[in-house]
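Before any questions on binding or motion, here is one chain by itself as structure tokens, the form predicted on its own.
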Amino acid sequence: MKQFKDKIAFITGGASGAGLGQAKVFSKAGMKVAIADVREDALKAAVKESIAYSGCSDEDVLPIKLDLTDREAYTKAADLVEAVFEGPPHLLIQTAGVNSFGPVEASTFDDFDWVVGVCFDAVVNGLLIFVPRMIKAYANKEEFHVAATSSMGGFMAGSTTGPYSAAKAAVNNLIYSYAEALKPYGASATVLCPGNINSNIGNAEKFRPEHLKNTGYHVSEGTMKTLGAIHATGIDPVELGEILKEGIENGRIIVLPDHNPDGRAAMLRSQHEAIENYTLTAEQRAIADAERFKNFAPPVSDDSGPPPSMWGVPEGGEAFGQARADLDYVDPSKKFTK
């Protein structure tokens, strides 16, 4: 997709963080942008910020309060976009995401239902609701494109980000599939896989639905502030939006933004070499692993962030990433203790 002016974009999670950065970038590129988010107050602020940044008019930014896991509401949102902007989006960007940190073995059904529900199921909802409309309206007539914001965590194991890493891995694979499937219609797909983003995802637990609040992780104001401190060091959302735009313009299926590309490439190579080594015998694998780790020992998960000691832990943050104290089967070293 090369041309954006006067076309339509639909962006989930667009009221803050990466989604708001994308709303600003594509508004400035001349698109009419629908911003979907579950937080009404944040939506109002996002509209003002997008208009101020891009210079577009009020009529070019459409805020939609939406629970992305509600398929009926999502369908009504798609209808609204068509009614207001006189067509489905040419560019669908699914960026909404949530995360919570704790030992994967401490996870509850609610932890998986919440994180996977927003990070993967909602992406499925958007694709199934919008893509048929986009094909009918634009196939081989106008440029159209689908994109999703995933994570470097989708390529790596995360012992304290199990639901999130699994959901992002699924998003990556699904977008690869759509990139291939959309070729006959003159379209394609892009998955954006950043590491750390300067966003407020650290506050996501405050917006966890009441019916999904039975978590196995220790969550407090301190742990949320700690996660906020991690994300405060991440890439600027507008810069990330520009990187995504450049990737879409150049037909990239995977976009891996990084200020240290050599380090990121080394981490990915190490991860994939570890997988390839499972095709070897045990003896061959031991030799290969020793060679692989000789000069480089990657972290388990790029999204787990640096240890708390590196950024001055807020009060209560020392329990970040730990399990609830009452889970009697979890290793004591992984549990919150006062």
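Values in this document were obtained by computation on a predicted structure and should not be read as measured data. Throughout, we count residues from 1 along the sequence that is shown.
Another form exists, predicted in complex with a small molecule; not displayed. Remarks below refer to it.
Would the small molecule in the predicted bound form be within 4.5 angstroms of a non-hydrogen atom of every residue among G13, V38 and S199? Checking in the predicted bound form: G13, V38 and S199 are all within 4.5 Å of the small molecule.
Is V219 close enough to touch the small molecule in the predicted bound form, meaning at least one heavy atom pair within 4.5 Å? No.
Looking at the partner-bound form in the predicted bound form, is P89 within 4.5 Å of the small molecule by any heavy atom? Output for P89 is no: heavy atoms all beyond 4.5 Å of the small molecule.
Hey, in the predicted bound form, is T161 touching the small molecule, heavy atoms inside 4.5 Å? Heavy-atom contact with the small molecule at 4.5 Å: absent for T161.
Since only the chain is shown here, I'm wondering whether H231 would be in contact with the small molecule in the predicted bound form (any heavy atom pair within 4.5 Å). Contact check for H231: yes, within 4.5 Å of the small molecule in the predicted bound form.
Of 75-83, 244-252, 174-182, 144-152, which is the one stretch near the small molecule in the predicted bound form, taking non-hydrogen atoms within 4.5 angstroms as near? Result of the contact check: 144-152.
Name the residue from A29, C56, L62, L68 that puts a heavy atom within 4.5 Å of the small molecule in the predicted bound form. Checked against the cut-off, the match is L68.
Can you pick out, from A18, A9, V25, A323, the residue that has a heavy atom within 4.5 Å of the small molecule in the predicted bound form? That would be A18.
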